[in-house]
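This document opens with one chain alone, in structure tokens, the form predicted on its own.
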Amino acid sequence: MAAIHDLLAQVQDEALRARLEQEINRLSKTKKFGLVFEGHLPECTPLYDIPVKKGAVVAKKAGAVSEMYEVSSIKDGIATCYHKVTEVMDEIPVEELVCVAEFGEPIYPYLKPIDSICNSDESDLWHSLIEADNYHALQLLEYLYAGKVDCIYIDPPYNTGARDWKYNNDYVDGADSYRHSKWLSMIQKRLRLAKKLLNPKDSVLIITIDEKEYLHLGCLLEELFPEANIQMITDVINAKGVSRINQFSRVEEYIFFIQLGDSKPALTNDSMLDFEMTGNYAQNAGDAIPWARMLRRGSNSHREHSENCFYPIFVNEEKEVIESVGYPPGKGNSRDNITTPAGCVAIWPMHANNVEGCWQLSRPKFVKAIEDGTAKLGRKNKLGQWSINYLNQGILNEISEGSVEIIGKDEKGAVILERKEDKLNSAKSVWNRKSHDASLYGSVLLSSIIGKRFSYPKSVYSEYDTIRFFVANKPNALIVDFFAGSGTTLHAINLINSEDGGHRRCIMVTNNEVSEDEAKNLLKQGYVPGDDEWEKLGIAQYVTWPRTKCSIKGIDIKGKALKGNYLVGDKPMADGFKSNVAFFKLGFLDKTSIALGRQLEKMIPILWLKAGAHGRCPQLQDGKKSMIILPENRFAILVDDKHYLEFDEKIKGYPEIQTIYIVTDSEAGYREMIAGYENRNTFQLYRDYLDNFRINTGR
């Protein structure tokens, strides 16, 4: 604004200057609709693969990567550095430093194979786990799968105020006045990259969150995805409740669905709402259709509002049936004047505190419903009071339309209903499923596999249901989770595939942070990030990968067979899954030593992923070749374009090869070479790796 006022002072016309000043003041008071927050820089990234040299930007391994230095000289293993902000000089042992990537500075990624598990020779498709800072992993995934991802599911840090997440390698806690701003900056930059991955014609982004950030996140999503259909649902994940000081106990979290293009949830015969646990509905075990309660609630629910709907229902408690229906006592008359038949109790429409209410149906309509079997005696509550149930007009309409069928009556005359599979409906926007209990089917389940190594994992069935709605009709869907945590998403995808024989592929990304307590203990022992002793306790290596391997093999961390069956399909957990997964670590190459011919072996995992991750990820062993033909992986590389004719002849014998990489600097030559490959995916790889694979530059 200072610059604007300086320019304003140069306007000679006083009337014009006054008018402009008035308008500027008015505009300066206009509030932006939506979010206003600090645009913090993206997190800096430690580059453990890059050697510390003169001129390098570095940070202390045991400190915050945002505290950056520049190396002015190195002598006898000691680096003379000056602080990037304070410019204070310091001498630090090189072994205590790590190179750091600043925002806007190009970095050159590769994927280092760490481990793999192959539990299916029948399928050549492989899932992937990438240990990495997810910001740079997303930049790499943009190169690999821009516009090709069907579903992104993320469970980001909830920013509860506890020390549960880091920003620039520093824990962000409740005392940080910029806590919300930092969280929004962090998530915004990742969502912008995530949007580039999603198929704009038909895909979904799913984000779970709790009350601390759901309002901010909702505004941010409206801003980033104006073209999308956005809906938030409520999922009960802890029916017991989590106490809040001077607040209601928390039982739920929220799930945002950001649907692009033609994306929509699959129809289902499962409402996702467990009516057995709600006030307005009752459901007996095995019922597929909800029965509403006869007691009217809300407005116009007292006796004086409808005298004709205030009458007794006589229940034979020994037989547990409705014996008969009494008549309304009449306006002003006491219900005590009504005689109750022998052997029965009178059930009146009564609210709490003995307030007289009214039934949903008048006596004639209720008697007809009893005869038709569309009303029945419910169950006793904890106070010993009987409930009366009936089928509301919505269910009766579905019966008339044929989407719900009467398949018989029970021994007491109530209809037995079944929803036809070809007449499905949308799930409700509130989910109340016992299987979504994060304690029993998250923490307890995970502990039975790898022990108590991770706090607050998601219920595998919660993720199963959430993702299934959008991939049920996509057996070859590509799913990405870049806040993978304990690895529940891949576990859920394997469960979905096992149910319907699908070949959905999942890519998970997680960092390798250790817990705060473990970090303190490791530092006391003299270990720092990057040391093997430190890294093996990080979440990727200590939690995500062990859980992935064990769930696939059907064993726990000690090698013993898992006990029990999955709730879905009653599948024994000990059977594991017919699934294959490759585990990589995202690394970065020194730009001064990069040449395609020398680094091709490190590029292979990236090219393998881009080609669809078919077959086990190959590893080059024997130096430079003129061409690489990999039919089991469905891709080939022409390394030396002088051998194009020989390459082309060999490719003709492998129709299964669908992806071809050609290394050439000549655009015209590349176009000429791919002329005969119309039905295959082709990519030009420059000899200059820097131009082809650099990330972090906003390109």
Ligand SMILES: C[S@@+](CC[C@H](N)C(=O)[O-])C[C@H]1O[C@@H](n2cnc3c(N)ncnc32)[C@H](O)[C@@H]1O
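Start at 1 with the first residue shown and count on from there. Note that the coordinates shown come from a computational prediction; the quantities given were computed from them, not determined experimentally.
One more form of this protein should be noted, the form predicted together with the ligand, which is absent from this view; the next part is about it.
Proximity to the ligand in the predicted complex, taken as a non-hydrogen atom within 4.5 angstroms, holds for one residue of S426, S72, S448, N511, which is N511. For the candidate set P546, G326, P605, P157, a heavy atom within 4.5 Å of the ligand in the predicted complex is found for exactly one residue, namely P157. Residues placing heavy atoms within 4.5 Å of the ligand in the predicted complex fall in a single listed stretch, namely 125-133, out of 384-392, 427-435, 125-133, 471-479.
R363 falls outside the set of residues with a heavy atom inside 4.5 Å of the ligand in the predicted complex. Looking at L221, you'd find every heavy atom of it more than 4.5 angstroms from the ligand in the predicted complex. Of the heavy atoms in I237, none are within 4.5 Å of the ligand in the predicted complex.
Not displayed here, the ligand is approached by G485 to within 4.5 Å at the level of heavy atoms in the predicted complex.
Shown here without the ligand, the chain has F454, Y456, P457, K458 in 442-460 lying with a heavy atom within 4.5 Å of that partner in the predicted complex.
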